[in-house]
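A lone chain, given as structure tokens: the form predicted alone.
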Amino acid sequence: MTDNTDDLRNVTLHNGVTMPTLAFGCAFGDWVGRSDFQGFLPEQAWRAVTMALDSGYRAFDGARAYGTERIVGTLLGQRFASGELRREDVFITTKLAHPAAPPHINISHKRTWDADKVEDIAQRVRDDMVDTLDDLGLGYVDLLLMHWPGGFGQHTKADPDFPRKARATIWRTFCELADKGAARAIGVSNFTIGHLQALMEDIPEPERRPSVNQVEIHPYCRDPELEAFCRERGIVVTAYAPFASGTFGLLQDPVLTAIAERHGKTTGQIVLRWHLQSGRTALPKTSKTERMVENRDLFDFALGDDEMQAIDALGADAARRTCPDPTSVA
């Protein structure tokens, strides 16, 4: 079975912006399965992003917290200067409003912050956006996401509704930034159904609803109810950690390896094709050129219904996550 159409290569957001279904993830470092040190290592971006550009990637997913925006901006600027690429040839996503990182992660308050510790939330978002655009060397980003719906611990405000009010303030500021042309589209990340419902109640204009919800999804971590909720409201779901960040032995799963052998593909290609056929976009990341090429080579085959169901079944039990559980965020 083959699929030579462009239907799975791009998706149109509810505001009309076209977004590639595959973007190269720009978070580098080791924050999975380590107890002595965890954190971002942005220096790894120099070679990886260069190879991704050479391999044909034109969509890149970053964040203020990752510390890679200056590197991505410099590498893009070199291609712009040579005439190899134009700004409109690339799709750049960034994320702001990441909560304060735990002490063992090497990120300072300059990149992460809790809303209850900030004097003026809206102004902090605006200032971070200026710094992000300066580092990227761009006048706008294609997609701006709220990185998390709130902090990882208890907030210090007496008002129990403070987290919800803070999200609404951040979102209104995002709308303002979009209106001014700093972002072509805006969305959220790590939002549950409850977070989304509250946000859309607080800012009820339909055109102001998020365009994207970026969440952890892989065959061992699924949330069909959340995906159905987003789909019904025209919110595109993007899967980060689509391979479970290399943990849990996912790519050696016998169900996946059997399907891969049947199609003459790698298990990574099978997982990515599963994401796309499920209606999601995905953020694969690798440091190997051959894998970068393989991860984009997804359009000369298709998974059958029985294969899709078999992969879905791998996530029937409790989700195995590589990042914090968003349901724990107030």
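We number the residues from 1 along the sequence you see. Bear in mind the structure is a predicted one, so any value in this text is a computation, not a measurement.
If you look for the form predicted in complex with a small molecule, you will not find it shown, but the lines that follow are about it.
Contact check at 4.5 Å (heavy atoms) against the small molecule in the predicted bound form: all three of Tyr240, Lys285 and Arg291 pass.
With a 4.5 Å cutoff on heavy atoms, Arg167 does not count as touching the small molecule in the predicted bound form; it lies far away. For Tyr66, a non-hydrogen atom is located within 4.5 Å of the small molecule in the predicted bound form, even though that partner is not displayed. The small molecule is not drawn, but in the predicted bound form it has a heavy atom within 4.5 Å of Ser245. Of the heavy atoms in Gly268, some are within 4.5 Å of the small molecule in the predicted bound form. For the candidate set Arg124, Arg222, Arg184, His147, a heavy atom within 4.5 Å of the small molecule in the predicted bound form is found for exactly one residue, namely His147. Residues of just one listed stretch (112 to 120, 222 to 230, 84 to 92, 186 to 194) have heavy atoms within 4.5 Å of the small molecule in the predicted bound form: 186 to 194.
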